[in-house]
Ligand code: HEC
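First comes one chain, alone, set out as structure tokens in the form predicted alone.
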Amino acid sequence: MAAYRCVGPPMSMAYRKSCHPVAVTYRGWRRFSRISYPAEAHGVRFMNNYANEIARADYGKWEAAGEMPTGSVLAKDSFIVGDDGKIRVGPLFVMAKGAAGSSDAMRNWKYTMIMPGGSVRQDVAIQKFCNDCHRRAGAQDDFLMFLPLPFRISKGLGR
């Protein structure tokens, strides 16, 4: 958490360059990671999980969440600690649940990567790459891959 406290302000400023609404607001959402945790699926980065107002009640139920409601948005900010000990901002990963029928093959999720320089990636390759991985979680978990048990907070931190 010391590393996250250090990198948090520059991370927030980096994502805000995108002007993407999630990049501007996610730090005010509920945080569901007790501390930053390593996530190999996202490139061996340390991550923190956030859920918007629509998602937070169900997301906090973890594997019992069922299908997330339309309008749910989940965000994972990330950072890397290099071999030199320097902390570097990684991408902000976003999952947004669209209306039924918006993308049945992806359980109506849309994936976005907001890069530290402010660029936004939502292209077909990102959709396929993210969905191929999240699909492994299965429909019973609405394609959600939850953070490891030791890093979870039951009610979330923040607002």
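As the structure is a prediction and not an experimental result, all values here were calculated from the model. We number the residues from 1 along the sequence you see.
Heads up, the form predicted together with ligand HEC isn't pictured, but that's what we're talking about next.
- Shown without its partner, this chain lists Ala65, Val120, Ala39, Met106 as candidates; in the predicted complex, only Ala39 has a non-hydrogen atom within 4.5 angstroms of ligand HEC.
- For the residues Ala100, Ile35, Ile126, Ala57, the 4.5 Å heavy atom test against ligand HEC in the predicted complex is passed only by Ile126.
- Within 4.5 Å of some heavy atom of ligand HEC in the predicted complex lies at least one heavy atom of Leu147.
- In the predicted complex, Tyr111 approaches ligand HEC with a heavy atom inside 4.5 Å.
- Proximity of Tyr26 to ligand HEC in the predicted complex: non-hydrogen atoms within 4.5 Å are absent; the residue sits far from the partner.
- Remark: Arg31 does not count among the residues lining ligand HEC in the predicted complex, judged by a heavy atom distance of 4.5 Å or less.
- Highlighted residues Val7, Val22 and Ser78: none comes within 4.5 Å of ligand HEC in the predicted complex, counting any heavy atom.
- If you take 87-104 and check each residue for a heavy atom within 4.5 Å of ligand HEC in the predicted complex, you get Phe93, Val94, Met95, in sequence order.
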